[in-house]
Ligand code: GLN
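Quick setup: one chain, the form predicted on its own, written in structure tokens, and binding and motion questions come after.
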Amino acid sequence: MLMSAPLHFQTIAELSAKLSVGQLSAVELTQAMIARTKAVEPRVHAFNSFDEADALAQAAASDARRRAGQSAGALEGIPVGLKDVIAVAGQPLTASSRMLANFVSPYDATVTQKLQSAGAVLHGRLNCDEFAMGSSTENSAFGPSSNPWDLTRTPGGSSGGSAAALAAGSAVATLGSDTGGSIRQPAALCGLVGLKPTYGLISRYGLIAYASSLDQIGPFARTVEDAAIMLGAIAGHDPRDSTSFKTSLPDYRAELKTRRGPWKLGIPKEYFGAGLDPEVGAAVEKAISFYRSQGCEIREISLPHTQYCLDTYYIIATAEASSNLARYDGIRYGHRTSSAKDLLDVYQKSRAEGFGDEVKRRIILGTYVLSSGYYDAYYLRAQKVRTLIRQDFLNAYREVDALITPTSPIPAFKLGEKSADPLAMYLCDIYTIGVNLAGLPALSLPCGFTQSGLPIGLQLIGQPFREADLLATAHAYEQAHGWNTQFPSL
């Protein structure tokens, strides 16, 4: 007989079932998560802040609703952590930056409101790379998070705290943001399911902007089913976000059981070349063999403009970052220098003191590519190449239903290993950035471990607004394997 996992490692589906029959209360569950957080947080450092009293008050309100027969929704009583770039009224909103170290959000993000409407207990502010710029969480002004599978290694980034908290058992599910792989890469490195939805499916209202045409909020979960539950809770059109798309929403969880293969799956040859760790490659090849054994048609396809993804991404993303971060000027809110002599000094010193090195690097690069004489040569050309990259994916979908790739070319690397080499760090996202440039949905799920016990992630890339199919494809693999039932020992 299989023993159930400890409470802090159980899924939304399992815990919801216990809450619904009175086997567990929301207060008891929240107390258990608080205790777990206190036990592991000194080693993991997944949280920037945590309001214990507020979490317990939310849990008590959830129990009261349940007793009154007014259960709010699919996440009633479930503790969910939020990356510290998503606004929660009355809570810190720092983006892991000195620039916003003392800022408290005056309003809720749309996803925050949706989680509250679904009954979730909002559980802490999670660490990340400063303003979501990075691949290791080492750019956080509050110090790096550690990977629960090996505390000497990174959990990935930029949503590293969201991944680390879930992997460590400090939350039941979490939200992150994905601009170039910032959900999928940490999910892969921490042995979790991470979903980057189609651009426009989830409102960005209340998300601190990094690169507005690339950013998208999405869930981290232990299972594909939990990811489907989370997506169902936060998806939907929002008139406050001009890029939010009006589309019908299926019951993502229910459709896991009704959408079955076999599928036509494409293997992009550009994603299996130099730089791919042999153990990662072998694990992904085994996953491909599984799908083939289930009757799926596997085709090698080409995404010929993949070689331009990294350059294109770092022109467009930094240009948008330069524009978005211009608002942090020491005048309206955020850090303001105490040693300014005049107005220009306020701007220069506040920004110099408030931003970290990586953020400054990207602002400088973005300002350069937008500057007079270089706009056409860099930014405009990058936008044209972006169109070609998206067309590559759309051409592939004339032949296949989804694509299979590695999520990250390497397993979790040592903290400090790539800090001095920005290009090496940027290459960690080589398999994920094309998805953001094309605005597509993609999901990472566990597909094995290295010989040293580090998780390996498999990426599935779907068609626009076809998350139900993407989740079903991932669920078929997950159900046949037990990777999600293994947990770090800490």
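We number the residues from 1 along the sequence you see. The structure displayed is predicted, hence computed values, not measured ones.
There is another form of the same protein, the form predicted in complex with the named molecule; it is not shown, and what comes next is about it.
This chain appears without its partner; in the predicted complex, the one residue of S408, T179, T112, S170 with a heavy atom within 4.5 Å of the named molecule is T179.
Only one of G81, P148, G134, P197 comes within 4.5 Å of the named molecule in the predicted complex through a heavy atom, and that residue is G134. If you check the named molecule in the predicted complex, you find a heavy atom from every one of Y210, R362 and D429 within 4.5 Å. For the chain shown alone, Y314 is a contact residue for the named molecule in the predicted complex, at least one non-hydrogen atom being within 4.5 angstroms. Although the partner is absent here, S158 is a contact residue: one of its heavy atoms lies within 4.5 angstroms of the named molecule in the predicted complex. Heavy atoms within 4.5 Å of the named molecule in the predicted complex are found in one stretch of 181-189, 288-296, 99-107, 375-383, which is 181-189.
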